[in-house]
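Presented below, as structure tokens, is a lone chain in the form predicted alone.
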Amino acid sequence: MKTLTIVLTGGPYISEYAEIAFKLAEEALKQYQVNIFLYLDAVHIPKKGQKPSFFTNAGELFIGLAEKGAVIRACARCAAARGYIAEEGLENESNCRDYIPGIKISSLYELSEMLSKSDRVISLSR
């Protein structure tokens, strides 16, 4: 199976990139393994408890992707700088209690591995 990796860098409500990534990933999951790497302010996308008034809840979009098999990781340094801490032993298939299930904080080494094993890479950034 071929692999698509999507790299996001922007926060959830400053552009439509989170929604675009969701739509790309959802369609790609029909034929590809999909990886999504959240870098810089994109680490805010999977935060639990978001209540945007006029926008689609970006975090809730990503819940479905993880359940369908997408591998979603957030940069450890970017997450730590923004107050998200990786912990061991959590039960929600995540290693951050502030994140929705299925999304883990990881290192840039995992991004490097994702990129080297991908057939296609899409970067959505400003």
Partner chain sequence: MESVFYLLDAAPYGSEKAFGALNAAAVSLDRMDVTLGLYGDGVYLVTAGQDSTELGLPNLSDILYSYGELKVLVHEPSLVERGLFEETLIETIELADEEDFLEAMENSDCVILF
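What you see is a predicted model; the values in this text were computed from it and never measured. Positions refer to the first chain, counted from 1.
Below, we turn to the form predicted together with its partner chain, even though it does not appear here.
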Residue (of Lys47, Lys68, Arg77, Arg97) lying close to its partner chain in the predicted complex, criterion heavy atoms within 4.5 Å
Arg77
Is Leu111 close enough to touch its partner chain in the predicted complex, meaning at least one heavy atom pair within 4.5 Å?
yes
Taking 4.5 angstroms as the cut-off for heavy atoms, does Ala28 touch its partner chain in the predicted complex?
no
Does its partner chain come within 4.5 Å of any heavy atom of Leu115 in the predicted complex?
yes
Using heavy atoms and a 4.5 Å limit, would one call Tyr39 a contact residue for its partner chain in the predicted complex?
yes
Should the three residues Lys23, Glu88 and Ile103 be counted as contacting its partner chain in the predicted complex, with contact defined as a heavy atom within 4.5 Å for each?
no
For the stretch 1 to 26, return the residues whose heavy atoms include at least one within 4.5 Å of its partner chain in the predicted complex, in the order they occur.
Val7, Thr9
